[in-house]
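For reference, the chain that follows is the form predicted on its own, supplied as structure tokens.
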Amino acid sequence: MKFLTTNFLKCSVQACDTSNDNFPLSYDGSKCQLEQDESIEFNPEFLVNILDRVEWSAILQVAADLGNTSLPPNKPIFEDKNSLNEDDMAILRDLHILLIQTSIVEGEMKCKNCGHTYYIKNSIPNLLLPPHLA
């Protein structure tokens, strides 16, 4: 599961729909196995466009859960998307490595509201609920 995917997952338990604690899910960094796929081509245009759609505070929280506290506290903003300078490209390359190349291969995600644990096996998050929680 790509790191970027963590920004789009929330608890599936119906009772959690009314809570603000169902997103983002929390990750136990000691139980998560991360892997980087360096074969994925760098695409700055995609990153600039996707940054407009991500919840930056959730990115920061998940990154911290997984041991990365080096991200800037504020979402990077690129004023002129057609002429990115060297500093912009360096930031985008770092974000590419984190959001696109980094995958959670094995691990656990937990809802902060209800405490339900979702497992990640072979890079696939299992979001199916047992019948008593559906």
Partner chain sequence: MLPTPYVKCDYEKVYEPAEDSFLLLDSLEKDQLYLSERFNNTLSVVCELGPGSGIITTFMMQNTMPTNNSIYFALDINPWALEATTDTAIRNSCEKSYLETIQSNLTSSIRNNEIDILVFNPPYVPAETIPDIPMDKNDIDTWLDLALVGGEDGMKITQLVLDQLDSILSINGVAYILFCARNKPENIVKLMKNQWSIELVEHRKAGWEVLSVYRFSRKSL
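Residue numbers count along the first chain shown, from 1. These numbers come from a predicted model, not from an experiment.
There is another form of this protein, the form predicted in complex with its partner chain, and it is not shown here; the text below is about that form.
None of Ile97, Ile50, Leu84, Leu71 but one reaches within 4.5 angstroms of its partner chain in the model of the complex through a heavy atom, and that residue is Ile50.
Of the candidate stretches 72 to 80, 86 to 94, 59 to 67, 38 to 46, only 38 to 46 contains residues with a heavy atom within 4.5 Å of its partner chain in the model of the complex. Taking non-hydrogen atoms only, Ser123 approaches its partner chain to within 4.5 angstroms in the model of the complex. At the 4.5 Å threshold, heavy atoms of Cys111 stay clear of its partner chain in the model of the complex, well away from it. Not displayed here, its partner chain is approached by Glu55 to within 4.5 Å at the level of heavy atoms in the model of the complex. Using a 4.5 Å cutoff between non-hydrogen atoms, Ser12 counts as a contact of its partner chain in the model of the complex.
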